[in-house]
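There is one chain below, alone, in C-alpha cells, taken in the form predicted alone.
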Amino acid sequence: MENFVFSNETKIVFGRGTEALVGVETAAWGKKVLLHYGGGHIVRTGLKAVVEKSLQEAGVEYIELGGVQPNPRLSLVREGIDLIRKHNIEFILAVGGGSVIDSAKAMALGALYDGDVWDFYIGKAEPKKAMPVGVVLTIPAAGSEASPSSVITNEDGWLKRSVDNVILRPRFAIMNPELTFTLPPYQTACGVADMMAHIMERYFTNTREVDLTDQLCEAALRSIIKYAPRALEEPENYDVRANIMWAGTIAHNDLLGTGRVGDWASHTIEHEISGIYDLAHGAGLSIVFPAWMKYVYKHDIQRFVQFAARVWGVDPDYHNPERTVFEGIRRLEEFFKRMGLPVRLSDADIPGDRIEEMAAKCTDNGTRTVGRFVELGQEDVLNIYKLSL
C-alpha cells in the first residue's frame, strides 16, 4: 500500500426534502451568488423555484446563468467568469449534474486568475485558489459533487480536458434521491456507467497489498449492479435511487483510491470520443472500458480473474484463466447492454474514420503516454479504438 493523505471537506446533506436547506447552507459562504444550471429540467420539476425561495428566505441575492450542456463548454465558462467579476459574486451554486458542477468549478478557478482559465486544463497553470462552490445534485453520475475534478470541452478543436486539485471540492452537496425520479432511463444508465468507470479506474492498479480497498471497490460495484436495473424498472423507488446516488459519490470522492495508484487511461481515451461526437461520457465509457480490458488484461491476469470472480460471480478456471477474464468482460458488456448502453462505437452510430486523429490527440501526437496500470502510447490507443469499433 502507498502512503496517502485523505481529506474530503465536502459537507454532504443527504435525504428527502434537503433541497429546501440550500439557502441556509449557501448563506454561510456568501450573500451574492451565481446560480448556475443547465436547461429547463429544473424549471419543469419545480426544483428551481424551491431553490430560489430558499435563497430568498436566507437573504441571499443571486444572478442566474443557465445553458450548461453535456460535455460543458469553455465559452459558457468564460461568460460566467465575466458575470462573476461584473457583479462581485462571492459564491457559485451549481444546481444539476456533473456538467453543471464541472462548469461551476471552472468558473471558480478562472474568476480569481489573471490569465485564461483554459491554462489550467492544458497544464499551463497550476490552481492556487478558487471561489467556493456548492451543489444541489440532480444526476448521480460524475461524482463531481465531492471530487477535486473538473472536465471542460474547448470548442476550438473540440478538446476535452480535465484539471484536478483539492481546492475544487465543493463546500457542500445537497443530495435528495427524489430529485432523480424523473431522469430518463438513458441518463440514469449513463450515470451508472460513469460511476462504475470511476471505481474500475482505481481498481486496476499495480499497487500490491490493497485488499481492503479492493473489497470496498468490489462491494460498491456489486451494489451498483444490483440496483441499477431496478432504477430503470422502478424509477420512483426511493431506496433504489438513494443507493445509486450515494454510490456515485463514493465512487469519486477519492476514498476508494486511498493507498493505491489508479489508471485513468479509459477516461482519457473516452474524452476524445465525447469531445468530438458530443456523446454522453458514460456511454463513451461503456464502449471504451471493455475494449481497454481486452487490450491490457495480460499485464496482470490474476487481477482480472479476481474482478470476474468477485464482482461478476464467475467461477474461476485456474487451468484457463483467460476464459475467466473474458467471461467477466462479457458479463460487463451484457450489463451495459441491459442498461441500454452502447458497447461499440457502431452502437452509438460513430464511424471509425477519425480514430487515428483521436489517438493522436489523446497522446499529443505520440509525445505522451496515458494510463498508469499500463502506459499506453499512440499506437496502443489506436488499437483500443479499433477493438471498440
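Note that the structure is predicted; figures quoted are calculated from it, not measured. Note that residue numbering follows the sequence shown and begins at 1.
Only in words, not in the display: the form predicted in complex with a small molecule, which the text now covers.
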Using 4.5 Å between non-hydrogen atoms, is Ser266 touching the small molecule in the model of the complex?
no
Spell out, yes or no, whether the shortest heavy atom distance between Gly115 and the small molecule in the model of the complex is within 4.5 Å.
no
Gly110: touches the small molecule in the model of the complex, heavy atom cutoff 4.5 angstroms
no
Give a yes/no on whether Gln187 approaches the small molecule to within 4.5 Å in the model of the complex, heavy atoms considered.
yes
Tell me which stretch of 287 to 295, 255 to 263, 82 to 90, 148 to 156 has a heavy atom within 4.5 angstroms of the small molecule in the model of the complex.
148 to 156
Identify which of Asn243, Ser99, Thr249, Thr205 has a heavy atom within 4.5 Å of the small molecule in the model of the complex; exactly one of them does.
Ser99
Within 4.5 Å of the small molecule in the model of the complex, heavy atoms considered, which of Ile174, Ala142, Ile273, Val77?
Ala142
